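Here we start with a single chain on its own, the form predicted on its own, put down as structure tokens.
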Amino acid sequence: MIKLGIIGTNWITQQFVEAAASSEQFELTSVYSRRLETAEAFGQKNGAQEFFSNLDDFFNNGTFNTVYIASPNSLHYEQAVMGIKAGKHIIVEKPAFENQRQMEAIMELLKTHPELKYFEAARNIHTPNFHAIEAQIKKMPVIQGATLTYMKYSSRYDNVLAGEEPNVFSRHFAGGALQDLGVYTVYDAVTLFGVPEDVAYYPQLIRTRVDGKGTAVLSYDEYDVTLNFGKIVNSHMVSEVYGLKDTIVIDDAGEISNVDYFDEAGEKQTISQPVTDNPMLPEVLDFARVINDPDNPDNHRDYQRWLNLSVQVNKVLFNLRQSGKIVFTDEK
């Protein structure tokens, strides 16, 4: 049983903890929050026994071997470094880190701790429906690009409109649409088509000077992939991968609940499966099998692929921010 510690007590942490419990591979032991009473309330509800409001104490005295980091984006790097130095496997919520300097430092630190594993929690690429898209693309003789859309109105934008600056819309905490929903579309594109040769980002900035929504264009040798993502609007537009006369149609590039393949004659075949009640369960099971059996050749291959994808996505995200002239507070 993998002993789990968590940083962060928001809704996404609750979803991860529930997925971990249902997988029967993890046991939640330790909870960190800036306020001890918050850690206790979250932990007691979910069966934890240890509660911390001091990070050093959490990493040095917590009886866990794997940490799930779901703090504000700007805190991920420092906390991941602390976790690796304390001998913990790292699961960090997307986006893992702000820039390539941080990513390179993490990769170098991992080399000094080869027994530890690092995962970026990009749940979409671990789902059976994403694998169905991958398999269908391999069968298509010609690919001519894609349009991938993931836009959901965030209730936190109501706070922005009221004059506040919540973390997810703050430059101080590395917020914005690209750093949230946009990560899913970048992961889709890089996993399916590889690293683009060039990128361009056209953000719509909001009052807090982060992007509320935007459009990115990833340029490949023979086609472009267009990404649409946002947290200040709702979109009901499907996503598509274009062949010659055939097309893959995806209901949502982030959730990937339904996937249809239209052949050259326009005949539709549904290639997706019913989704799990908890969308994090597939990634949790993937992480668990690598942690539990790292020397298995299939697990080792998958882990190296996810590790490379995390590095590649980090680079694309940073280059998109450079294109869109989005600079976080701690980068100035």
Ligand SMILES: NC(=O)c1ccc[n+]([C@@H]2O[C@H](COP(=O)([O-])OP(=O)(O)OC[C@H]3O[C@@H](n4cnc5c(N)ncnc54)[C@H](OP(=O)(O)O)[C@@H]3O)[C@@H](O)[C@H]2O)c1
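We number the residues from 1 along the sequence you see. In this text, all values refer to a predicted model and were calculated from it rather than measured experimentally.
The next section is about a form of this same protein that is not shown, the form predicted in complex with the ligand.
Colleague: Heavy atoms within 4.5 Å of the ligand in the predicted bound form: which stretch in 265-273, 43-51, 290-298, 64-72 meets that?
Modeller: It is 64-72 that comes within 4.5 Å of the partner.
Colleague: Would you kindly say which of Phe130, Tyr184, Phe97, Tyr261 lies with a heavy atom within 4.5 Å of the ligand in the predicted bound form?
Modeller: If I apply the 4.5 Å criterion carefully, the residue I get is Tyr184.
Colleague: Note which of Thr208, Gln136, Thr226, Asn167 lies within 4.5 Å of the ligand in the predicted bound form, where distance is taken over heavy atoms; exactly one does.
Modeller: Looking at the other structure, the residue within range turns out to be Asn167.
Colleague: Any of the heavy atoms of Glu120 lying within 4.5 Å of the ligand in the predicted bound form?
Modeller: No.
Colleague: I'd like to check something about Leu28: if you look in the predicted bound form, is any of its heavy atoms closer than or equal to 4.5 Å to a heavy atom of the ligand?
Modeller: Leu28: no contact with the ligand in the predicted bound form.
Colleague: Examine Asp180 and determine whether its closest non-hydrogen atom to the ligand in the predicted bound form is within 4.5 angstroms.
Modeller: Contact check for Asp180: yes, within 4.5 Å of the ligand in the predicted bound form.
Colleague: Glu93 versus the ligand, in the predicted bound form: is there a non-hydrogen atom within 4.5 Å?
Modeller: Looking in the predicted bound form, residue contacts with the ligand include Glu93, since a heavy atom lies within 4.5 Å.
Colleague: Does the ligand, in the predicted bound form, lie within 4.5 angstroms of each residue among Gly5, Tyr77 and Met82, using heavy atoms as the measure?
Modeller: Negative, none of the three is within 4.5 Å.
Colleague: Even though the chain is shown alone, can you say which residues of 140-173 have a heavy atom within 4.5 Å of the ligand in the predicted bound form?
Modeller: Arg156, Asn167, Phe173 sit within 4.5 Å of the partner.
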